[in-house]
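To begin, one chain is listed below as structure tokens, in the form predicted on its own.
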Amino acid sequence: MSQALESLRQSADQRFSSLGWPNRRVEAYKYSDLSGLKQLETADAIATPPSGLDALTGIDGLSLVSASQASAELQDKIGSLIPLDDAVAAYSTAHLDEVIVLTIARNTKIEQPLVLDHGRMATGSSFPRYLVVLEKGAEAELVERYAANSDGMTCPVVEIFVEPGAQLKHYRAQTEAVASTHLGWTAAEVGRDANYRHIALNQGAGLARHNIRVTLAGTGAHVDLLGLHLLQGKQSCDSHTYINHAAPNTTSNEVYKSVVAGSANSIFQGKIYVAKDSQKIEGNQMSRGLLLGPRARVNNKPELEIYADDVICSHGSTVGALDEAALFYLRARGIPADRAKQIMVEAFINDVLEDLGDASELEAHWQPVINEYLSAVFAGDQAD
């Protein structure tokens, strides 16, 4: 490990020692108390290298190296987008070990998806870390998958630089075992006329938190943040997003949906920030929750913080149960009650998926997860 990375790790360790795990008195964690995670701090750190890295070697225009092999310029980017005043970011960085650096060369279009597939099969804590850089005019599709069949904790961190004119579509699926805890960080800086599209599926883990921070740093930059929570039993999942319109003439679109059964709790906290003198901004944010039972909960907190006057920004939030009139319409046509409810939930979910376009990742990996969730919920398998 380089001296710079060792210094970053030590700084994060000191910062986390002063912060500790946040409780509900910390505004950013008011709906998801993490103070109970202290007992996991002593868990053994285990290495969980992603499967499929060999498939990425030899791709023209793609460089894949460890941080120790990367240039000083790339090493300096590690940790630059992650705020150590956040306890989860500090904790993950305090355990920084190996960092995988992926660089897509200038004006290169990578045709095949870049898949980072993590399957934690043992109890313990894992800390995957990546730096992804798309140079000017590059195009790529990045796929993250996290699965675990045991208790323990996964704390992945991904920092992304989308340089001017580049385009990145980023799929992220978290389907870990209910006994596990998942605490993730994704941070991206989007340059002039660049496009970053992030699509997240959160279906697993008993306790999950995913922080997403995107800075639109160049004129003409655009970001889409699309997310789906599928929860049951006693699961709790918190998606916390922050979009910083740091440059003029930038646009953002954000849609998060949640389907909640049993006594699960879905949380969405999203802020659009418009800096002073960042004029001609357009930012739209919407969060929708669907409750499938009397004990299910959805906590949505959309926010706008605007310091410029030539902007078009909106935010909205809706939470409700299945529409009784629509259910009656389907039942009147001979459709059984459970099947009618499932049809309505599928329509609610597909409203998000249709925005994603034609993608093999959705059909091959997301759709089976969605089908399994719906089967469990409407078979009455979820625990209250």
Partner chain sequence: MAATVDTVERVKKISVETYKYGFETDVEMDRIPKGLNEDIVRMISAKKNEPEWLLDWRLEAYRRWTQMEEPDWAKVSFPKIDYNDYYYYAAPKSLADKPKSLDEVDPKLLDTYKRLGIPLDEQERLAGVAVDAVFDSVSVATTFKHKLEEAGVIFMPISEAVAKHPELVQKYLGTVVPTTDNYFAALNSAVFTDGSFVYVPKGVRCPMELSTYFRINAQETGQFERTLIVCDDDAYVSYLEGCTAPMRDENQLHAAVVELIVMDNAEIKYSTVQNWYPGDENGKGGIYNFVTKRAQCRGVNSKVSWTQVETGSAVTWKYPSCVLQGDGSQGEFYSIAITNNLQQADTGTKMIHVGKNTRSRIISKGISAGRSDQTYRGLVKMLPKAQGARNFTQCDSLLIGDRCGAHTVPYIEVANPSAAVEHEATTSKVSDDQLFYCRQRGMNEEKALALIVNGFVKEVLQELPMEFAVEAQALVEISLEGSVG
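Note that the structure is a prediction, hence the values are computed from the model and not measured. Numbering follows the first chain given and starts at 1.
The following text describes the form predicted in complex with the partner chain, which does not appear among the structures shown.
- Only one segment in the set 69-77, 151-159, 294-302, 201-209 has any non-hydrogen atom within 4.5 angstroms of the partner chain in the predicted bound form, and it is 294-302.
- For residue 29, no non-hydrogen atom is located within 4.5 Å of the partner chain in the predicted bound form, even though that partner is not displayed.
- In the predicted bound form, at least one heavy atom of residue 316 sits within 4.5 Å of a heavy atom of the partner chain.
- Contact between residue 123 and the partner chain in the predicted bound form is not found at the 4.5 Å heavy atom cutoff.
- Taking the partner from the other structure, the partner chain in the predicted bound form has no heavy atom within 4.5 Å of any heavy atom of residue 111.
- Interface residues of 273-291, taken as those with a heavy atom within 4.5 Å of the partner chain in the predicted bound form (partner not displayed): 276, 279, 291, in sequence order.
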